[in-house]
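The form predicted on its own is given below as one chain in structure tokens.
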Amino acid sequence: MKLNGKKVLITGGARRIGAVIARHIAEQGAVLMLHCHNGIAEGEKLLEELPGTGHRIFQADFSIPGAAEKLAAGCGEVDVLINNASIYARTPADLPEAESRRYFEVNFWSPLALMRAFAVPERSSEGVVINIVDQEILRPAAENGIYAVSRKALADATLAFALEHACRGLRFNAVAPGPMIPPPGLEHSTMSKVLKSVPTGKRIAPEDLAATLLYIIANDSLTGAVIPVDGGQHLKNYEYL
């Protein structure tokens, strides 16, 4: 698929990694629908800087059931869906139920709802969905239990949708990145402990992730893939924290 003139929804697209993705997608001539939770001001500033016209920003709190469905209705049919929004923290597998449900609402149920809206039976055009998950789905780390499980669930859903909808020209893939930028609140971290588990010893450049997304979109034969972009981190089998 060529992106020129295509409508692209990016969740969590107003800042951090999402903003990098948005810039690369916009440079290809796409019209962007950017979702954000708290980053309205940053999203509006980003819209002013993006090339092209017609870009819009939408606010939704994915921890609230039904928010993703409302977002899908507001955006209408899109050609490309990039599920980037997520919440992360070191979480044990036995996290209390209320908090576990919040992780699943944001990291699994909301992107799943957007995938369902994308693949409605009445859709007749081709399209691409890319779910950004985490290398931990390939090598779960202790003390990241519920987070890792919620991302693994989304990766499995990606494969199920890919198989079910391939005959309709709808492609579903996932990308599993390694450590790129510190999580919110730890902006000055060197991530030295985490990087010990990355064979290349380097952070993953957000631009490399964006380039992988462009490759997936352009390759009409690619569906049902989970692509690690992690410097080989998924190959390691020891705990790093």
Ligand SMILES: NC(=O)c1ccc[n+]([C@@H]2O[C@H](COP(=O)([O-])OP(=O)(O)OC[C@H]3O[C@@H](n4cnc5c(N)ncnc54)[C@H](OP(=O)(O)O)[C@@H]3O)[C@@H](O)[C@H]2O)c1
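Just so it is clear, the model here is predicted, and its values are computed rather than measured. Note that residue numbering follows the sequence shown and begins at 1.
There is another form of this protein, the form predicted together with the named molecule, and it is not shown here; the text below is about that form.
**Q** Since the chain is shown here on its own, which stretch among 173 to 181, 47 to 55, 23 to 31, 210 to 218 would lie within 4.5 Å of the named molecule in the predicted bound form, judged by heavy atoms?
**A** Going by heavy atoms within 4.5 Å, the stretch is 173 to 181.
**Q** Could you tell me which one of Val128, Ile132, Val78, Met115 places a heavy atom within 4.5 Å of the named molecule in the predicted bound form?
**A** Partner contact (heavy atom, 4.5 Å) among the options: Ile132.
**Q** With the partner left out here, check for me: in the predicted bound form, does some heavy atom of Gly12 sit within 4.5 Å of the named molecule?
**A** Heavy-atom contact with the named molecule at 4.5 Å: present for Gly12.
**Q** Does the named molecule come within 4.5 Å of any heavy atom of Asp61 in the predicted bound form?
**A** Asp61 belongs to the contact set for the named molecule.
**Q** Would Thr200 sit within 4.5 Å of the named molecule in the predicted bound form, counting heavy atoms only?
**A** So Thr200 does not count as contacting the named molecule.
**Q** Can you tell me whether Ile17 touches the named molecule? I mean in the predicted bound form, with a 4.5 angstroms heavy atom cut-off.
**A** Heavy-atom contact with the named molecule at 4.5 Å: present for Ile17.
**Q** All three of Gly39, Ser86 and Val106 touching the named molecule in the predicted bound form at 4.5 Å, heavy atom to heavy atom?
**A** Result yes, every residue of the spot touches the named molecule.
**Q** At a 4.5 angstroms cut-off on non-hydrogen atoms, which residues of 108 to 130 are near the named molecule in the predicted bound form? List them in order.
**A** Not one residue comes within 4.5 Å of the partner.
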